[in-house]
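Just one chain is shown here, as C-alpha cells, and it is the form predicted alone.
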Amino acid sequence: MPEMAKSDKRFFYSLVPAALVSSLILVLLFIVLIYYSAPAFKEYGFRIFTTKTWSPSEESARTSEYGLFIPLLGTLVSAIIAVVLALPFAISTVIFTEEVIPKGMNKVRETFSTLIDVMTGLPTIVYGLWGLAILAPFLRDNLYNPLYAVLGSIPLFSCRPVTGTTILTAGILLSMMIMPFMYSVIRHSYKRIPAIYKEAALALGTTKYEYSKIMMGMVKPSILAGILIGFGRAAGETVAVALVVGNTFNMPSCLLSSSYTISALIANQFGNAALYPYMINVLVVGGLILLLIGIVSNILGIMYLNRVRYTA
C-alpha cells in the first residue's frame, strides 16, 4: 500500500477525534444507563419485568410496585403492528415509484419520492396531534365499533372501544411514521439491481406480478433490514405514541383498549419521579431496554443490508 501524502495524513488524523467522540458517546450513554439502573435491580431484582402493576409510594420503596411488564409488552405489540402494516405499503410504493411511473417521467418519480422522504423529517409531535385529534376519533367511529360488533367474540377485539386512543391506534400511527424509512431502505437496494437482471426477467415473458415478485426476492435482505430498522424506530417513538396509546396499565391483549409503552411511561412519569423512591431508576431501566432494542435491531438491519452486493 503506497504511503499517504502529508496532507492526506493530516486530513486522516483530523477525522479520528470526531469518530472516537461519536463512538464514545454511545458507550458513555450505555454506561450511564446501567449505573442509574443498578439501584432498581438491587432493590427489586428482575421482578421489574414480571410485575404488572405500577403503584408508587412516597413512604417507602417496599410499599412501591414498579412493573415494566405491561409497558414492555405494549412497546413490542405496537411496534409489531406498525411493521406489519407499514411493510406492504413500503413495498408497494417502491414498485409504484420504480416500475409503474413511466421511465420518461423522472421528475414525477423524484418528486413523489421526495415527498415520501419529507415525511421522515416531520416533527413527531405533528403526527401525535393529528393522531389524537383526527385519527383516533375516526378509527373509533369507522373501524373499532364495527370490529367490536362483528368480531367481539375474538379476544383481540373483545373490549368495547370507549375511546379511540388504543394500542391499535398507536400501531397504525407508528406505521405511518416508519413507512418512509422502510421505503428508503428498500428503494435504495431496488435501484441497484443490475438492468440485465430486469431485462432477463421481462424477456422470459413474466407478468407484472411475477416480475415484481422476482425483483423483490433479489432485495430480500434490504426488506429484512427495513423491517428491523422500522421496528427499532417504532419501539423508541415517544411523543406521538404517548398522545394516542391511552396511557393506562391494561394488558395489550385486546387491540381496542388503551395500554402503555415504555417510552410513553417515561415521558409521563419522569416529571414527578423524584418524589418516589427508586422511580427514576426504574424508568432508566426502561430507557436501557429501549437502547438495547434500538442497538440490536439496527445492528441486525445493517448486517442484512451488507448482504446486498449489486453493482450498477
Partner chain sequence: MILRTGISFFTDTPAYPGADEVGGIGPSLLGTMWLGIVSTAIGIPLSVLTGIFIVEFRNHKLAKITKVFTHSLLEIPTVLIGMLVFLTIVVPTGHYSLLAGSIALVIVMLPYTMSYLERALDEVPRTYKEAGYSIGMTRKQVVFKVVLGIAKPGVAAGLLIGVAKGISETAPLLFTIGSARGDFPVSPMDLGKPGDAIPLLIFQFIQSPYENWHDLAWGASFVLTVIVLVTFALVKLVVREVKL
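Residue numbers count along the first chain shown, from 1. From a predicted model like this one, the values you see are computed outputs, not experimental measurements. Take the two forms, superpose them, and find the largest set of C-alpha atoms that agree within 1.5 Å; that set is the rigid core.
Not pictured, yet referred to below: the form predicted in complex with the partner chain.
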Give a yes or no for P123: in the model of the complex, does one of its heavy atoms lie within 4.5 Å of a heavy atom belonging to the partner chain?
yes
Is the gap between L283 and the partner chain in the model of the complex 4.5 Å or less for some heavy atom pair?
yes
Considering non-hydrogen atoms and a 4.5 Å limit, does the partner chain approach I227 in the model of the complex?
no
Indicate whether T114 is a 4.5 Å heavy atom neighbour of the partner chain in the model of the complex.
yes
Assert contact_stretch over 252-260, 64-72, 38-46, 22-30 against the partner chain in the model of the complex, heavy atom within 4.5 Å, equals 22-30
Would you kindly say which of I193, V239, I214, L143 lies with a heavy atom within 4.5 Å of the partner chain in the model of the complex?
V239
Contact assignment for the partner chain in the model of the complex, among L151, V162, A133, V108, heavy atom within 4.5 Å:
A133
Would you say all of V83, F89 and L275 touch the partner chain in the model of the complex, counting a heavy atom within 4.5 Å as a touch?
no
Between 70-89 and the partner chain in the model of the complex, list the residues on our side with a heavy atom within 4.5 Å.
none
Tell me whether V21 is among the residues that move between this form and the one not shown (Cα shift of 2 angstroms or more, core superposed).
yes
